[in-house]
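As structure tokens, one chain now follows by itself in the form predicted on its own.
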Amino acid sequence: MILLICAPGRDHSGLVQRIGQLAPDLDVRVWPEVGCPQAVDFAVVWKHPAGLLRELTGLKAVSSLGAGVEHLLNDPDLPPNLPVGRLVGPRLAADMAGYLVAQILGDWRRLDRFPHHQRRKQWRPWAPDRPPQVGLLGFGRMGKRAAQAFKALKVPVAAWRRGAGTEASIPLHHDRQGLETLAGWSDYLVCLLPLTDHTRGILDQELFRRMKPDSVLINVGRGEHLVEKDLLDALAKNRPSLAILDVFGEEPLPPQHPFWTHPAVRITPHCASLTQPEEAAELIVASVRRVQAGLPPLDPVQWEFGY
């Protein structure tokens, strides 16, 4: 089987080496060294160039090199019946949970004040009188792992998802009323949603009006979830009072963008959770083996939901 990896701008040498160790029978190619495009059986892509899928006429399946699949589902050249999967391993979800715990508890406990005191040799003990209330927009694999992490620390956590459901471990909300209820309850409102037509622009002025004064917005979903102008207006009104952003509509964030210098915006460069070569290789090989056995790839997309 011929496997193509296409994620422009990334070094795939470690990934290819590990795949070779796990599955020496696979013919692994890295874009743009495709060879005969029609001979490729399985492709793993991330923000692939336009027209690539049109050339790969022999594909049996395609997978995203990560949790997001909008770059595939929005490609007009994606065959309608082609199985689509994604790579979401336990390490990816654990790293996301770790990022959120670090950002939220570090901010809630105001740990940034102590280096300032240390430089001045000031002894000023302080801790908050209660844990923060954390609201998660999205309750897929990432959301569930984050909820587990906060519950283990006795931090109140609740979540919202589009459809109704039951989850005994935490309160779950759905529909627009549930979204507004969660926004008004949360000290920290975290977007972990997939990007679909229904979630694009969900972080907007209407939602910000429902947030608590002095609350914090965290976006680790996709940049297109956020209406940037609405956020800038909302920050001026202190709802939220702070935005922690890891994803953006244009990446890298342009140097002239106002987020860089805004005093109420903290930026991380889309690194809250990165697919590591070791885990990615194992997931890719497992996904390929499933396809060879006539099964769907790992974590198949639910076309009716758009993710």
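None of these values were measured; they are calculated from a predicted model. The first residue of the shown sequence is 1; numbering continues from there.
One more form of this protein exists, namely the form predicted in complex with another copy of the chain; it is left out here, but the text below deals with it.
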Of the residues R109, R200, H174, H71, which one places a heavy atom within 4.5 Å of another copy of the chain in the model of the complex? R109
Looking at A94, L78, I170, L232 here, can you tell me which has any non-hydrogen atom within 4.5 angstroms of another copy of the chain in the model of the complex? A94
For the three residues Q103, Q122 and V265, which mark the spot I'm curious about, does each lie within 4.5 Å of another copy of the chain in the model of the complex through at least one heavy atom? yes
Tell me the stretch among 188-196, 175-183, 83-91, 207-215 that has any heavy atom within 4.5 angstroms of another copy of the chain in the model of the complex. 83-91
May I ask you to state whether A149 is within 4.5 Å of another copy of the chain in the model of the complex, using heavy atom distances? yes
Residue-level question: is Q276 within 4.5 Å of another copy of the chain in the model of the complex, judged on heavy atoms? yes
Tell me, yes or no, whether R222 is in contact with another copy of the chain in the model of the complex, where a contact means a heavy atom of each within 4.5 Å. no
Hey, in the model of the complex, does P128 get a heavy atom within 4.5 angstroms of another copy of the chain? yes
Could you run down 238-252 and flag each residue that has a heavy atom within 4.5 Å of another copy of the chain in the model of the complex? F248, E251, P252
